[in-house]
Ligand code: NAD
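Next up: a single chain in structure tokens, the form predicted on its own.
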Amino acid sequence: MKAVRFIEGGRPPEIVDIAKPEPGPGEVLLRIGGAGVCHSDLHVLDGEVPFKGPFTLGHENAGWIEALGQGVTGWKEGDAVAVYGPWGCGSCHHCQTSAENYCENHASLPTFGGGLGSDGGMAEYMIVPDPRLLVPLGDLDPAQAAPLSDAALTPYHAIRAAQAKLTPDATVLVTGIGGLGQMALQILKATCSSRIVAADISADKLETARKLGADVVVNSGAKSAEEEIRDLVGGRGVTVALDFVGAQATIDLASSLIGRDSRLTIVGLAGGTLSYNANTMPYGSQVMVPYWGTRAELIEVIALARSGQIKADIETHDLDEAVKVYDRLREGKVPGRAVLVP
């Protein structure tokens, strides 16, 4: 079968033919319907995460059950499913509460998940090591649903953690209106009534933010951005700041705008640093660095999608186009989410 493979850090992915896998006891063989192309893959390809290759890329995966390994029950061939991405040990406290994204034994595990050390979904078929990692899609198209397992789950987790602060009189700042930021805007509109301010340096992305329901849009690259938002929120400040970029400029902007009893959530991985000194951060403020989300939250994300309240903006490509798609992603030319379809 055809697969998009990580070979080693610093090398582009390679499209090769490998053997179709067979499920062992307790495993599930998935026929892939779609695999999302995520910016995190670039960090893997660049060698910033010390994975040992080769393995098949793709950590946002959905498809249909092709075959069940010995002992697997509760599922049947043909079921449409999404794959929960962060694979934990399955037995620690966090894993038992479905928060495998915060597995206590992660440091001793040989893999972070499919496409992150183990074979992922950028292929015709994929092995899922345990059926607990599957979430039913119902009538959702797997190609459309694949990005939900990260691009929607990650912002959903961040937003759900801040839910108590997202009151009708609060202001939430969403910085970076790419794949995750676009999903965050939809999730916020579906789950709270706070005022939403969207910030980005791209006029096109700000127009997208307007269409997705942002109450106010601000060019974060403008010198007046901080003043413009501060005039809007007054002394209370921004109550929840969601930074989906993580660059120095966006972290500085968000940290300068949050008020007392607020939450700053840094999701993006662009290399910025949050500086802390006594009495510089507002009293009562919290900082969160989330990683993905829980299995239970993925069930809730799928429910939002099935009800029509959220939908990923996708473009589909053949596996043969993977290298070109990654190049476009690196150049910032993928407006929403690219999905590879075998």
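Remember, it's a predicted structure, so these values are computed and weren't measured experimentally. Each residue number is its position in the shown sequence, starting from 1.
The form predicted in complex with this ligand is left out here; the points below concern that form.
Tell me, out of V72, V216, C92, I201, which residue has a non-hydrogen atom within 4.5 angstroms of this ligand in the model of the complex.
Answer to the contact question: I201.
Which of G237, P131, G268, G272 has a heavy atom within 4.5 Å of this ligand in the model of the complex?
For this set of options, the contacting one is G268.
With the partner left out here, check for me: in the model of the complex, does some heavy atom of D150 sit within 4.5 Å of this ligand?
Contact check for D150: yes, within 4.5 Å of this ligand in the model of the complex.
My question is simply whether I302 lines the interface with this ligand in the model of the complex - judged by any non-hydrogen atom within 4.5 Å.
Flag for I302 set to no.
Classify L329 as contacting or not contacting this ligand in the model of the complex by the rule of any non-hydrogen atom within 4.5 angstroms, answering yes or no.
So L329 counts as contacting this ligand.
Is K205 one of the residues lying within 4.5 Å of this ligand in the model of the complex, judged by heavy atom distances?
So K205 counts as contacting this ligand.
Within 4.5 Å, heavy atoms only, one stretch in 77-85, 117-125, 178-186, 165-173 touches this ligand in the model of the complex. Which?
One stretch meets the cut-off, namely 178-186.
Output the sequence-ordered list of residues from 297-315 with at least one heavy atom within 4.5 Å of this ligand in the model of the complex.
None of them.
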